[in-house]
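Next up: a single chain in structure tokens, the form predicted alone.
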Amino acid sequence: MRPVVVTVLWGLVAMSPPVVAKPPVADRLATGSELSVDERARALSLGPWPPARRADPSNRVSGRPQAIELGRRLFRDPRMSSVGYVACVTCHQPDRAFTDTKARAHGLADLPRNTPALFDLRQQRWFGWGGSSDSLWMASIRPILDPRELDGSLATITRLFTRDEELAACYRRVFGVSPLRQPGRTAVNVGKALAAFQETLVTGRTPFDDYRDALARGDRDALAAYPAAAQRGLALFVGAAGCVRCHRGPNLSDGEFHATRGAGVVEIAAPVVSDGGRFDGARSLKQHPLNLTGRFNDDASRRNASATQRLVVNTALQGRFRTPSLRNVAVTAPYLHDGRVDDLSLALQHGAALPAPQVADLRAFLESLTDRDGERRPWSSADRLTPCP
């Protein structure tokens, strides 16, 4: 029987697929084959960048050079505040990634939430940590009138133009009417000019974007330039760690609202204050006269208001906060909606418990999302600022 056994065993060996040595890790990293087919597809879905510029249909001056210049001037002007020394730039400082590096914002008083960095705002659908605004211009008006921030009013806004004829002339050129004619409309137009300026604050390309594009075209030399730790972090990000479920698309954010406490969330520090999050934001938005369902929306079709119309306020929204973009995240500490974490590695532990080597790799990937300007942002990414008037 021995020859039969030998024959059968040899037959099984012959039928088995040949053993192929796995390429060295360095070679797999250089070709992107460290990623599975699904992970590669998810990695490619994080680009390309930058996105095409598009005007906001709710804002008739979106993208207009003179409106951008008017907004740029208003952004730095403290005269809309009740005290005359607080402006948008007080909290959104260009040499600090258009944020303030504080745990929680402070205008004329302390606020409960972290100051969001201002860039890539045209990629968003909701604004603010709780989504209390459905347009960038609405989000720009609210801080001016908030007593904790600028504590402005229709009177302080119109008085600005009364005292500054050059600024008033710029306003007339942009909007075709006097800023003194209808104070309520003037406040809305100020928000729209501010929004036009903020739309120009777009992050540049990053080392990850170069890697992503090289992966798409199969460029081995360009792939090899991407650090191995960042490659491993990317594989975790789009794979086992599951970060891409919320931080997806070219802006690395789904723009929606998720719980920061509860099942699957590792509590690394207690919240600073109780905060209703999306529940409070949605309730405020639905009641506000400046939302996109109202008369100040410049899109006559109102198609851009459909998400607001469908929004249902219920307790399931309690404690949910908008997913921030991860572009330039390495230079925008502190983290989370209340700024309770000031270290990026510690913030990575908020989503799930991970061993130190994986945290280090994820951090390397996130640091590769920093563009060449880093935290020191230009005043505008527009090619040339237009004199106004």
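The structure presented is a predicted model; accordingly, all values stated were derived computationally and were not measured. Numbers follow the displayed sequence, beginning with 1.
What follows is about the form predicted together with a small molecule, which we do not show.
Across the proposed site, Ala55, Ala196 and Phe279 without exception lack any heavy atom within 4.5 Å of the small molecule in the predicted bound form.
Per the 4.5 Å heavy atom criterion, the small molecule in the predicted bound form is contacted by stretch 129 to 137, the sole one of 220 to 228, 205 to 213, 129 to 137, 283 to 291.
Remark: Ala168 does not count among the residues lining the small molecule in the predicted bound form, judged by a heavy atom distance of 4.5 Å or less. In the predicted bound form, the small molecule lies farther than 4.5 Å from every heavy atom of Gly47. None of the heavy atoms of Ala97 is located within 4.5 Å of the small molecule in the predicted bound form. Taking non-hydrogen atoms only, His92 approaches the small molecule to within 4.5 angstroms in the predicted bound form. Among Leu317, Leu160, Ala105, Ala187, the residue placing a heavy atom within 4.5 Å of the small molecule in the predicted bound form is Ala105.
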